[in-house]
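Starting off, we have a lone chain in the form predicted alone, written out as structure tokens.
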Amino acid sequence: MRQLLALAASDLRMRIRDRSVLIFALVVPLALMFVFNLVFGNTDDIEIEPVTVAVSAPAGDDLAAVVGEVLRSLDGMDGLDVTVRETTADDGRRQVEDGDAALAVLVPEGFGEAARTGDAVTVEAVRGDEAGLEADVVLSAVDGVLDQLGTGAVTARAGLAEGIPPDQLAALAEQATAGGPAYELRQGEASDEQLDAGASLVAGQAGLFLLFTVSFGVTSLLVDRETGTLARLRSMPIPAWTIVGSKALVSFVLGVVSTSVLLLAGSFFFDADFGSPPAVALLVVCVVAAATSVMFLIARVARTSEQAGIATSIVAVVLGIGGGAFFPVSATGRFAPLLDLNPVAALLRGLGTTSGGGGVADLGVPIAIMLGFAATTWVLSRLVPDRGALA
């Protein structure tokens, strides 16, 4: 044990002096998070601009006037600032073209009569090039009004066809238009295994660059062989597993430190809350153990540091993207369950649980996936013929 710690401490000092470790473990992922924060950090802050709507409705048509009344009622509702201008159809189009109005709603002549009889009628909406989300809200309100009027007309015509007395049709149509849908919508909450966009990006980047960080252990092992350092170590009364174990221990320490720093920094940039620190710490330790286990397998098959770097890059990209390092991955098909066995995906799942208030007792599945991945990879490294650094 003393030999293991002495080798690990010596190698750790060398890795800290190595700028490439700091670049891949901290500088590059932090720079990416900073860029992503600039690009996506304010996507949830939606600003509703004031909107001017030009409305053209035939005079004396009470149903056509309803459209303008509904639009006026939107002013001041949920932060909307709606200004309604009554105008003609040609002037409404001109105002939109000149940029004086974001939207023009043109109700044709005979709209009320057509709505009452259930005949087809078209209300034209002219939208300006600079119209934004507020124009969509206004158009949704117009669509709602037209749907209600159409529902009333259809109900009245159906009532006439069924022989309902005319004096009862008005009440029937009013009930059909004001009764609302036969279903109820309630706002729900996302599953406690889901992170929001910012937190998911932070966790994914931390998992991706963790795989690059732990690769420095196997890379340094091969570099030691190329420079002759490994031969001198093996000539000493030191077991071979101690040399590999010291590299793995260095990778594990670097992985824990870098992942913790990235999660903390990402929480600051994206205002993400990952939940209970002890639970998050347990997830970090388990995912680093899973990532470090890959080092044992690469150390058995890679013959040069260049081969080890290429193999590590392939593994990191495949596991990182498959685990949702940049965007959520939802796969279907026969092999889709394999994505759930990804340690990066398990990290995101576990952090989603802790961010929703879960504790250590709720992390059974993610931890089992990470530790199972580590055990499987270690067993494979024992079965694969040794053609690497210690061959």
Partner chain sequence: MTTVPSAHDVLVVDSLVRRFGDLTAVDGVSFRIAPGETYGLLGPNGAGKTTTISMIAGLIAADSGTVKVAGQRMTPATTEPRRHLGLVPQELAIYPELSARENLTLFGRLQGLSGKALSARVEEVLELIGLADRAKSLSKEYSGGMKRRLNIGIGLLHQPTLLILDEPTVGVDPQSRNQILESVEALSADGMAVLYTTHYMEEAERLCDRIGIIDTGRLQAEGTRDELIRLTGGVDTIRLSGSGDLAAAAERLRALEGVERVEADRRTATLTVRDAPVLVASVVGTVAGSGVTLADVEISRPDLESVFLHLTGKALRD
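Residue numbers count along the first chain shown, from 1. Computed from a predicted model, the values in this text were never measured in an experiment.
FYI, the form predicted together with its partner chain isn't displayed, but the following is about it.
Novice: Just checking whether G228 would be counted as a contact of its partner chain in the predicted bound form - the rule being heavy atoms within 4.5 angstroms.
Specialist: G228: yes, in contact with its partner chain in the predicted bound form.
Novice: Is there a non-hydrogen atom of R382 within 4.5 angstroms of a non-hydrogen atom of its partner chain in the predicted bound form?
Specialist: Result no; R382 lies far from its partner chain in the predicted bound form.
Novice: Is there a heavy atom of L233 lying 4.5 Å or less from a heavy atom of its partner chain in the predicted bound form?
Specialist: Judged by the heavy-atom cut-off of 4.5 Å, L233 is in contact with its partner chain in the predicted bound form.
Novice: Contact between M14 and its partner chain in the predicted bound form at 4.5 Å, heavy atoms?
Specialist: Heavy-atom contact with its partner chain at 4.5 Å: present for M14.
Novice: Just one of 219-227, 103-111, 248-256, 295-303 has residues with a heavy atom within 4.5 Å of its partner chain in the predicted bound form, so point it out.
Specialist: Contact-bearing stretch, as computed: 219-227.
Novice: Report yes if all three of L30, L264 and S267 come within 4.5 Å of its partner chain in the predicted bound form by some heavy atom, otherwise no.
Specialist: Not a single listed residue reaches its partner chain in the predicted bound form, so no.
Novice: Looking at I310, I238, V317, L133, which is the one with a non-hydrogen atom within 4.5 Å of its partner chain in the predicted bound form?
Specialist: Contact with its partner chain in the predicted bound form is made by I238 alone.
Novice: What residues, if any, in 1-29 have a non-hydrogen atom within 4.5 angstroms of its partner chain in the predicted bound form?
Specialist: The stretch 1-29, when checked against its partner chain in the predicted bound form, contributes R2, Q3, A6, L7, S10, R13, M14, R17, D18 at the 4.5 Å heavy-atom cut-off.
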